[in-house]
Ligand SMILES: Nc1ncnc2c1ncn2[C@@H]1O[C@H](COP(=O)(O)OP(=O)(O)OP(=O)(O)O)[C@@H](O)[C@H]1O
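Single chain ahead, by itself, as structure tokens, in the form predicted on its own.
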């Protein structure tokens, strides 16, 4: 079941350098929320605060609170947080020595699931949710690295879905893909939002306009503006947002 993700006054630091400045943002279930902004504005750092990946970076720290539903994720274990708030990175990263099946099953086995039929059912369900099942159902024991780039990214999404998250974080998931493959990923995102809370980081303004219900604009570590995507792109409230979406900088 999808949950609200709410960040309250989140700031982040790399050493003494402050890279996020008091961001407060609520990400609603069954919607796609996009974060846009120029390189270095704090988009990816913010996403890593939500599922506690930031703390895996040496000399990085966060202040503020992140809630998943009613629960503060920093009162949960990091492992539980990352199970409930799944992450897909900009470059497809299937486990290179594993088959398609084993890639999707990896998280289930780490959780201690040993029932083989149960694992097989979850793998199939996840691959179907990622719109990949029909393409790979007869090749499940093939090395995952032999898939196309788009299929590898769909596989990574299936791997995240297999452990039953309520939230899916997508950090520029189509940035290395062809236009046709990008369209496939966008269609998948539209389908997945009926079941999940989705946050996508993208440098592609057209992509944000196509897939996002709401959009947040980040600049220099600050969230400048947040609202319905159509309004943010056509009638922004802040001059900095207008300058960015019309291509005056960035």
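In this text the structure is predicted, and so the values were computed from the model without any measurement. Residue numbers count along the first chain shown, from 1.
Heads up, the form predicted together with the named molecule isn't pictured, but that's what we're talking about next.
41 is the sole member of 185, 49, 32, 41 with a non-hydrogen atom lying within 4.5 angstroms of the named molecule in the model of the complex. The partner is absent here; in the model of the complex, the one residue of 28, 195, 61, 203 having a heavy atom within 4.5 Å of the named molecule is 203. Under a 4.5 angstroms non-hydrogen atom cutoff, the named molecule in the model of the complex lacks residue 215 among its neighbouring residues.
Relative to the named molecule in the model of the complex, residues 129, 133 and 158 are all farther than 4.5 Å at every heavy atom. Comparing 66 to 74, 177 to 185, 204 to 212, 32 to 40 against the named molecule in the model of the complex, the single stretch with non-hydrogen atoms within 4.5 angstroms of it is 32 to 40. If you take 7 to 22 and check each residue for a heavy atom within 4.5 Å of the named molecule in the model of the complex, you get 14, 19, in sequence order.
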